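This document starts with one chain, in the form predicted alone, laid out as structure tokens.
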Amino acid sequence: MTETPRRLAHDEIEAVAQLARRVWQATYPALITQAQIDFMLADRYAASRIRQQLDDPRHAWWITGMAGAPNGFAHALLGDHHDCKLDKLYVDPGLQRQGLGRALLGAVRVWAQHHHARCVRLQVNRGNVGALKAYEHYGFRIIESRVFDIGQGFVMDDHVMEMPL
């Protein structure tokens, strides 16, 4: 089921936030607390924050699926050192391993290359074995492991991965 990703529209923000909640509830309860899940979802998927990112040329969002019913999405941002951070890449749990993640990552790569990025970086929870394997399959490698303080007593215990472009 390969679909061509398209850029996220302002009127699709709420649908992306709903998909994020479904994906996170299926993925993260074994890795982090429900309180941290709720905190991170409220922070990362606030409509006002996504609207600002959509209006900022250093950020880009893509979705797959029908308007109002996305089945996958990605968000990337350009860094200051000729890099691109893949900040979010999520696919509906029932549709994973069908090419949607690969298509979204492809859109990110093209955008990053267009902006002269030399690599794509991301962070992934050290315990998220499925995501780690997928990213390694796509050409990412672990370059460091760190604990990131994200506020309110929460941390992200992540591997930082990089894929050269």
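Remember, it's a predicted structure, so these values are computed and weren't measured experimentally. Just count from 1 along the sequence shown to find any residue number.
There is also a form predicted together with a small molecule; it is not shown, and the following applies to it.
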query: In the predicted complex, Gly101 touching the small molecule (heavy atom, 4.5 Å); finding: yes
query: Close approach of Val124 to the small molecule in the predicted complex, 4.5 Å, heavy atom; finding: yes
query: 4.5 Å heavy atom contact, Gln53 to the small molecule in the predicted complex; finding: no
query: Non-hydrogen atom contact Tyr138 with the small molecule in the predicted complex at 4.5 angstroms; finding: yes
query: Partner-contacting position among Ile32, Ala134, Ala107, Leu41 - heavy atom within 4.5 Å of the small molecule in the predicted complex; finding: Ala134
query: Non-hydrogen atom within 4.5 angstroms of the small molecule in the predicted complex for each of Gly79, His115 and Val120; finding: no
query: Interface stretch in the predicted complex with the small molecule - options 126-134, 53-61, 107-115, 32-40, non-hydrogen atom within 4.5 Å; finding: 126-134
